[in-house]
Ligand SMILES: C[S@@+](CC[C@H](N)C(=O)[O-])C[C@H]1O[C@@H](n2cnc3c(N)ncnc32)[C@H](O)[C@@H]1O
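Heads up, the chain below is alone and in the form predicted alone; it's given as structure tokens.
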Amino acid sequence: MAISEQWDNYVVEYEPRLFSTHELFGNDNPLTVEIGFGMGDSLLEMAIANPQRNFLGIEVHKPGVGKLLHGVAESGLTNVKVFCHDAIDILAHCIGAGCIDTLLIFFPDPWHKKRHNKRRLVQTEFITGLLPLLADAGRIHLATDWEPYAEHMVEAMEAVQGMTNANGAGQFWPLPDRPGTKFERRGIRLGHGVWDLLYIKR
């Protein structure tokens, strides 16, 4: 229901052109972008807690978009917009240089099988291509609950020229400032680990 009622209020239709923060939100507040927000629980919580920041969520899964739109409308938020389109296109065509203050990639598909590892989103080349979109001292926050992917993330990120690990080379972030998700909490109850990384553009 929310997806039809709220779509026009919060979803930005993809066009291969630059969208300024002011065009999307009517202000120039710092922009947080989350790639693949899933059901949107953490994005909603962050947007509620940080009204002085703008949040742009990118997700192709329509049920997740619908759930987020419901929460955003119910909370009366004005600092959230959504692209329901492939993130690669959005990042390549729609976001201008220096626009992103914080980029979030939480629990991306780990592509468990070795032959599929190259499909993982977090790759040195991909992140390097995003650096021009980050503001000075812009942040990239990554999280995964799959240890082999966590190790892959460290390897990929440490090879990016122009970013520094905020917790020291090769180190994970022990106390990350992000909301937990119900899937994460369930995993922790089952004894699964979660690994966060924070990198800062230098």
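All residue numbers refer to positions in the sequence shown, first residue = 1. Everything numeric here is computed off the predicted structure, so don't read it as measured data.
There is another form of the same protein, the form predicted together with the ligand; it is not shown, and what comes next is about it.
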Open item on the list: When the contact criterion is heavy atoms within 4.5 Å, does residue 120 count as touching the ligand in the predicted bound form?
Closed with: no
Open item on the list: residue 182 versus the ligand, in the predicted bound form: is there a non-hydrogen atom within 4.5 Å?
Closed with: yes
Open item on the list: Using a 4.5 angstroms cut-off on non-hydrogen atoms, would residue 74 count as touching the ligand in the predicted bound form?
Closed with: no
Task: Any non-hydrogen atom of residue 38 within 4.5 angstroms of the ligand in the predicted bound form - done: yes
Task: Heavy atom within 4.5 Å of the ligand in the predicted bound form - residue from 58, 134, 31, 157 - done: 58
TODO: Choose from 58-66, 164-172, 22-30, 45-53 the stretch whose residues reach within 4.5 Å of the ligand in the predicted bound form, heavy atoms counted.
DONE: 58-66
Open item on the list: Heavy atom within 4.5 Å of the ligand in the predicted bound form: which residues of 80-105 meet that condition, in order?
Closed with: 85, 86, 87, 88
